[in-house]
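To begin, one chain is listed below as structure tokens, in the form predicted alone.
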Amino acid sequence: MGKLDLSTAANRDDGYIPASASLYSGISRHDFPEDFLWGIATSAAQIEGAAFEDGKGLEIWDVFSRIPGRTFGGQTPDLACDYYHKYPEQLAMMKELGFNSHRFSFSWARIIPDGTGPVNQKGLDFYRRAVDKMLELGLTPNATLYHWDLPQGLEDRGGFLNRDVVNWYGEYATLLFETFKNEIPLWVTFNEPIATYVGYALGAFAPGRRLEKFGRQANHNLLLAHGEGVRRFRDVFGEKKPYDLSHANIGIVVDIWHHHPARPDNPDDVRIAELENEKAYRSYLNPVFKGCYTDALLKYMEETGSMPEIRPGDMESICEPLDFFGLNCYNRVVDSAEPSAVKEEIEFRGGNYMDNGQEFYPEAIYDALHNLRDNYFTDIPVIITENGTFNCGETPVPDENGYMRVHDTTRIRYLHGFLTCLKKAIDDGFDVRGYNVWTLLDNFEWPAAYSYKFGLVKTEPGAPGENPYVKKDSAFWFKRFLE
């Protein structure tokens, strides 16, 4: 398949309707609030590329991806989707598909190469150009300060194991708040903190450390940095106000993959699922919204020798009031002491597996919203900050006119299912203000590198030269949905 075919296919959009579109209809954007935000979510390390250009410093993923065996095929984020150079056309594509918001992240090392010290003006100028382009296109900027890409210079000083990270992060946050004070209405302190735990406790993510105590200490210091970021935000923007896009708002993004026992009447299955929930999303939601770790988590950390250093006043520092909450929701997890019971439970529900082997469980988004409202808060709105799926029949095939198409029907089914459940939640009174699909382009998916394809649009990230875009059937479906 040559570049000419792909390029030609990318220009054949007018009037194309996927054959699967009629199978997944029945809802549209008009079933949601008029001022609802419809966004595309991305992150700097996954799309920007230009890893060594214009003064950018090393990030932990630049280093980690070069350790043999840590990423698929040894692939790196060096080039990724080349958003650094191609952001105008990629942002224009979001607008053309009908989206009205863009969730992105700043690269700390592009702005402050060593994490502290001199500011790289070329890095700040890049983000100024990108944000200006978003505003020009009518895309509401939704900015994340930290999306897993710590400057390597700070990791060399202990990273999130060093309590000084709280002030390092605070200074970085203040710089961005002051620089973009009048342009960005939505700010996120941290995206999915559990990735930091995985990088320090399990070694699967950067920086690749492997000790439970490291993971728990990194978690605690990250939460302290989150609280510091919220305080710095109030210093710049003033006292807390009700959520409104006419002024700046701040939140945090946590992913909820709720663990269900395969056999609710089996004590072992229940115990496993509950412990996994305690170790994962509850280890962030409880401190952020209740100012404490749960008794179950404290007991686990005591028994495993992984209790972090917790100083007087820490929990109060973490528990700063937020303006909104960002929910990343992809699926649920089913746990059992007997692995065969997991398959039996899913098949009991109808055997809803997707092309990638994962369960199709769109109710996960409704369950997560119930969980948040019933157990954590009722007074701040929620934005769905990520939702999507991967590897759904990604091979281009020619249509009757010879133009290449990507028939990712399973992705359409997934998106339709989750949006249907989201509509039900809103109809039931849940205060949800926006939804972001992950993501626009196939990009660098961490250890899976370029082998996991999450994009609505096909490209060949990580390869030099021109890589034309081919809108998948899911992109055309979403465009019709948003029309």
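All values reported here derive from a predicted model rather than from experimental measurement. Residue positions are given as counts along the sequence shown, with the first one as 1.
Keep in mind that the form predicted in complex with beta-D-fucopyranose (FCB) is missing from the display, and what follows is about it.
Peer 1: Only one of 426-434, 62-70, 444-452, 25-33 gets a heavy atom within 4.5 Å of beta-D-fucopyranose (FCB) in the predicted complex; which is it?
Peer 2: One stretch meets the cut-off, namely 444-452.
Peer 1: Would you mind picking the one in 409, 90, 219, 191 that has a heavy atom within 4.5 Å of beta-D-fucopyranose (FCB) in the predicted complex?
Peer 2: Exactly one residue meets the criterion: 191.
Peer 1: Could you check which residue among 168, 284, 127, 148 gets a heavy atom within 4.5 Å of beta-D-fucopyranose (FCB) in the predicted complex?
Peer 2: Exactly one residue meets the criterion: 148.
Peer 1: Under a 4.5 Å heavy atom criterion, is residue 152 part of the interface with beta-D-fucopyranose (FCB) in the predicted complex?
Peer 2: No, residue 152 is distant from the partner.
Peer 1: According to a 4.5 angstroms non-hydrogen atom cut-off, is residue 38 in contact with beta-D-fucopyranose (FCB) in the predicted complex?
Peer 2: No - in the predicted complex, heavy atoms of residue 38 and beta-D-fucopyranose (FCB) never come within 4.5 Å of each other.
Peer 1: Does beta-D-fucopyranose (FCB) get within 4.5 angstroms of any non-hydrogen atom of residue 386 in the predicted complex?
Peer 2: Taking the distances in the predicted complex, the answer for residue 386 is yes, it comes within 4.5 Å of beta-D-fucopyranose (FCB).
Peer 1: So in the predicted complex, does any heavy atom of residue 84 sit within 4.5 Å of beta-D-fucopyranose (FCB)?
Peer 2: Because no heavy atom of residue 84 falls inside 4.5 Å of beta-D-fucopyranose (FCB) in the predicted complex, the answer is no.
Peer 1: What residues in 311-333 sit within 4.5 Å of beta-D-fucopyranose (FCB) in the predicted complex, counting heavy atoms only?
Peer 2: In sequence order, 328, 330 come within 4.5 Å of the partner.
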